[in-house]
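Here we start with a single chain on its own, the form predicted alone, put down as structure tokens.
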Amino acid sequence: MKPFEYLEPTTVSEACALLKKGGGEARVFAGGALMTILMKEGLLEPKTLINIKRISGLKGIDFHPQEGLAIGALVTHHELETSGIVKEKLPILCAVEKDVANIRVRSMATVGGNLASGEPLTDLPQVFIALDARIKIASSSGERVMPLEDLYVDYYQTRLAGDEIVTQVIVPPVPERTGIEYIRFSSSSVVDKPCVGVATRISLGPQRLCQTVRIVLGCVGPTPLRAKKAEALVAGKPLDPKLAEEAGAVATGECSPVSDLRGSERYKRAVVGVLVRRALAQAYESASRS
């Protein structure tokens, strides 16, 4: 690992200013779960490492009736998993976090770092996208808010500018009669990261028609992907097994999996079809009960 300058700002504005000064050769460090690996492997060699752990304004989880759930970028996976507020308002997030890596990683790695990394083999982005989450982003020139699904560009590439930091994730209140489901599948040979992860959300209208539908595919392309053709197929209809299977078949054609240790392209597409069918059915059943 090459020598680097190590800095610990105490405010967001200070951190953004340091990033801007670094001119593309500075990197933000929070939990360090991914950053440490990349640096040890020589895949990333920043001249300046900016540890934002001392910025208290990036911590904490709050709920506001109008805005929804606000999750600070420095909230760890374990904090999200065990949060009483999250368990009450969005228990799906607690359930998802239980399968993220291991307790040591969950105790160090942060939600903001996970989302901002552009890591393609992870769980949280597709769940947050299914929930229509937005992220707050700070820079040396101000703040902006964008839908999380617009953040991702390619493998490990996002639309964050060189001096920008993710400060918060905002999940809007979930409508009544809504079901949310996430199913991940890991191959037996590589269990640390998912082979495929599918998140679905269904909000029902009159006569149990699917009013709002989200189908988000993870780990089968360079970025999380909304299967919009499959969503459109389901929207406005009552869900039955045949429709769920058709939606799964459509979703398999919307993703771009690559063959690797976790399975072949053909295998992953087959898994997508099965998981979409199951996740839709479970979300629909949950929405019908609520």
Partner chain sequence: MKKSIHFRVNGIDTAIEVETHQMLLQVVRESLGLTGAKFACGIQVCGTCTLLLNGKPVSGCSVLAVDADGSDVLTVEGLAKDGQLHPLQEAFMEFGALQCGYCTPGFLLTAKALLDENPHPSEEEIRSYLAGNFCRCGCYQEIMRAIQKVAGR
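Positions refer to the first chain, counted from 1. Remember, predicted model here, so these are calculated numbers, not experimental data.
What comes next is about the form predicted together with the partner chain, which is not displayed.
Engineer: In the predicted complex, does Val105 have a heavy atom within 4.5 Å of the partner chain?
Structural biologist: Judged by the heavy-atom cut-off of 4.5 Å, Val105 is in contact with the partner chain in the predicted complex.
Engineer: Can you tell me if Leu239 lies within 4.5 angstroms of the partner chain in the predicted complex, counting non-hydrogen atoms only?
Structural biologist: No - in the predicted complex, heavy atoms of Leu239 and the partner chain never come within 4.5 Å of each other.
Engineer: Indicate whether Ile37 is a 4.5 Å heavy atom neighbour of the partner chain in the predicted complex.
Structural biologist: Yes, Ile37 is a contact residue.
Engineer: Can Ala33 be called a contact residue for the partner chain in the predicted complex at 4.5 Å between heavy atoms?
Structural biologist: Yes, Ala33 sits close enough to the partner chain in the predicted complex that at least one of its heavy atoms falls within 4.5 Å.
Engineer: Of 121 to 129, 213 to 221, 95 to 103, 200 to 208, which is the one stretch near the partner chain in the predicted complex, taking non-hydrogen atoms within 4.5 angstroms as near?
Structural biologist: After filtering at 4.5 Å, what remains is 95 to 103.
Engineer: Can you name the residues of 1 to 28 that have a non-hydrogen atom within 4.5 angstroms of the partner chain in the predicted complex?
Structural biologist: Heavy-atom contacts to the partner chain in the predicted complex: Met1, Lys2, Pro3, Phe4, Glu5, Tyr6, Glu8.
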